[in-house]
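First comes one chain, alone, set out as structure tokens in the form predicted on its own.
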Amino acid sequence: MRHGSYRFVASFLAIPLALYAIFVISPFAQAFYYSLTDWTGISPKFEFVGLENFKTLTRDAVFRTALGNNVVLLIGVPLITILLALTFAYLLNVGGRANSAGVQGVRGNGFYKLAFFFPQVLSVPVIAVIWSVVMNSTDNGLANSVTRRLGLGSSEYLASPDLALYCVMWVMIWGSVGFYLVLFNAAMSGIPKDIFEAAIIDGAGRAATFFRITLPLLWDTIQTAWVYLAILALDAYALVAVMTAGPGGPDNSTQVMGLQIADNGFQYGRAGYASAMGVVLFFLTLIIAAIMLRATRRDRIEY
């Protein structure tokens, strides 16, 4: 590249890089700095305490509970969401009967795509309010009304320490399946139908075409979806804050790291301690994303 070209490229990159440094890098750097102090979040005066906040974190039982709940969400949300979205996308694309027009999706697939995508137009607080009403622990709750009519009795749902976290997990999955269904559907639409038709003519069943054609050809999309869903599972703040009592649920059964950061930073006046939690969450997210990208890396299949 000639010398004059460097100036031309630098003139375009200077402003975006400056904005990125101010609004993205600078907040991270400040969080790292405040995590080493006893700042309250209000007073301009604070003391440097070194790694004391991180030592306190190792003895904080509520934070360990929140970390464990995030791990449960981290395992359940990506796994179930991707499984459901992939299955539905496969049925909508090639789940119908093969005829003279070739392999087709199930009848009415356009309506199903719209119906599954509908939760995406709702904000997270609205979804949380809707499901908190549905999962009301009284006999007047919608879920309890249905189960009682079916003779299955009633449940406490969000009021139960054993069920509350799984109720939150279900709502996260319900709200995410539609988006990833559309994502997988778009990726699946790019696969030539000839490949599926040739496999079916050769005697391959639906299960064989799913595992031996669809999954390998969509692997890059699945990998990306897995990382995004893992990041979503490490957050979960908005759902827990709106849906569960406390918030944090009975016996801290729905405590998550995002909620602990907000409580310590804005309610208890421990902004330095909350920053230490944020630093832990930052590195945890970074490590999990790197592990997932590394563990699921495969050679790309061209078609």
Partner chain sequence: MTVQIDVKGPAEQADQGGGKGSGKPPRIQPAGGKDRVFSPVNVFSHTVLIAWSILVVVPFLWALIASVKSTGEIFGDNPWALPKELLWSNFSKAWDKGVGDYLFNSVVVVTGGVFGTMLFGSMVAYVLARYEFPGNRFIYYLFAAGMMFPTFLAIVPLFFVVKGFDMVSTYQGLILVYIAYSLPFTVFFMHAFFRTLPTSIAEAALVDGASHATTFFRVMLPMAKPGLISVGIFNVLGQFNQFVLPSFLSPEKPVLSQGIATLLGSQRYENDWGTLFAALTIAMVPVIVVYLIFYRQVQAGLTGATLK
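Residue numbers count along the first chain shown, from 1. Rigid core: the largest C-alpha set superposing within 1.5 Å between the two forms. Quick caveat, the model's predicted, so the values are computed rather than measured.
Just so it is clear, the following notes concern the form predicted together with its partner chain, a form of the same protein that is not shown.
Within 4.5 Å of its partner chain in the predicted complex, a heavy atom is found for every one of 106, 130 and 265. At the 4.5 Å threshold, heavy atoms of residue 63 stay clear of its partner chain in the predicted complex, well away from it. Its partner chain in the predicted complex is not approached by residue 295, whose heavy atoms all lie more than 4.5 angstroms from it. Mapping the unseen interface onto this chain, residue 287 falls outside it, with no heavy atom inside 4.5 Å of its partner chain in the predicted complex. A residue is said to contact a partner when one of its heavy atoms sits within 4.5 Å of a partner heavy atom; residue 205 meets this definition for its partner chain in the predicted complex.
With the partner removed from view, the residue among 75, 152, 122, 198 that has a non-hydrogen atom within 4.5 Å of its partner chain in the predicted complex turns out to be 122. Heavy atoms closer than or equal to 4.5 Å to its partner chain in the predicted complex belong, across 166-183, to the residues 170, 174, 177, 179, 182, 183, ordered by sequence position. Shown in the overlay between this form and the one not shown, fitted on the rigid core, is a CA shift at residue 20 of 2 Å or greater. Relative to the superposed core, residue 290 undergoes a C-alpha shift smaller than 2 Å between this form and the one not shown.
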